[in-house]
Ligand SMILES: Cc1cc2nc3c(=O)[nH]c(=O)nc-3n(C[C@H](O)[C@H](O)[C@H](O)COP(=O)(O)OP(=O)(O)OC[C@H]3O[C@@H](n4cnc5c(N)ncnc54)[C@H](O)[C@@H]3O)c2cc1C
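Before any questions on how it binds or moves, here is one chain, the form predicted alone, in structure tokens.
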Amino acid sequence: MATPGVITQGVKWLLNSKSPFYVKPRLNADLIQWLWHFYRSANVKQVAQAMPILYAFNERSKALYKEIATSNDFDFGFEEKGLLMLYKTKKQAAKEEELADQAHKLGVKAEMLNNQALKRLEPDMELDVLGGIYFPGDAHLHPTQLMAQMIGRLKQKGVQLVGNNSIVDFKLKGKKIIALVNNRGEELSVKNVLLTAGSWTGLLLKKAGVKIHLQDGKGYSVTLNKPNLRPRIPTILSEAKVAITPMGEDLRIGGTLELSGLSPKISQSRVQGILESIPNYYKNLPTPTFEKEKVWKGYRPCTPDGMPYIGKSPVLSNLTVGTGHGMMGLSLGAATGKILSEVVTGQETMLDIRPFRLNRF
């Protein structure tokens, strides 16, 4: 998110109830501090530093997912069909051309496509766009299937998963966590703690005296079950900031980023904005109607500079943290798990994790 020009665009979006970005107005010190660091991070230098790091991170993660997918124990719809970004305006075309140029400098293959080339990629779709950019090296998978199979594998290996039980506090002794405290006031003795609680991580770390800058980025999605027609390739509608993802026989439509203070409220107008963007790009893809009970919402843990927090706590000797992946949580999940295992067991990490340190702000 932290890129040049995003502040100006964000202010404009705040005035539109159907826009893909929203900050819930509130006097909150954590939000104000986050916005200040976000403002300072939204510059050319920061983007230039972050791009090669995140690219290497993504590539390692994709390779690990591919390795898992080729084993006989897993089948979660891993496919390397690439990523397509569609745009409608000359202004957006210029941005996509710049993105393609940046990709080429990183060694990423990116192809600028006209409507004829798009038709070859998506022969079933009637597109109403100026053009697109195609990243053939990208991949996608079915997250629900992945998580279900991962949980099953962990149970097979003897991992105990405790449900209906939330951690609300820590018991400290010196510079160590000696116990976790659950919502019933019970204490669970621990030797080491690995905290990967998504958008709730910052709130929990406060209990342990550790400060990070983290905000929830609530997003929405609607899944169409076995539609008669759908795109073949995962696609981003550039101006609308909407993601279209084929998953097995289904199609997921998602978007929006709200800094809402973990509000559970579903914004009908923003979901409506996501759905209404579909016919602007696809002439023959039916637009689903808003049905609140079919809307999924989730919170992405967002850092001010777009880089995750991964590594040992600078305050507590037996605490390791992995969070702050924003909208790339699933994408970077496999590599993050590998790195965290290396950190906890004292091995050399597969990537340099200094850019992800907890106390970088």
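Quick note: we count residues from 1 along the sequence shown, nothing fancier. These numbers come from a predicted model, not from an experiment.
Another form, the form predicted in complex with the ligand, is not on view; read the next lines as being about it.
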query: Output flag, T196, W200 and L204 jointly within 4.5 Å of the ligand in the predicted complex, heavy atom basis; finding: yes
query: Candidate from Q272, S166, N280, N284 lying within 4.5 Å of the ligand in the predicted complex - any heavy atom; finding: S166
query: Of L54, M328, L319, L64, the one that lies within 4.5 Å of the ligand in the predicted complex (heavy atoms); finding: M328
query: Heavy atom of R60 within 4.5 Å of the ligand in the predicted complex; finding: no
query: F76, heavy atom within 4.5 angstroms of the ligand in the predicted complex; finding: no
query: Close approach of G131 to the ligand in the predicted complex, 4.5 Å, heavy atom; finding: no
query: Close approach of P314 to the ligand in the predicted complex, 4.5 Å, heavy atom; finding: no
query: Segment that reaches the ligand in the predicted complex - one of 31-39, 330-338, 303-311, 46-54, heavy atoms within 4.5 Å; finding: 330-338
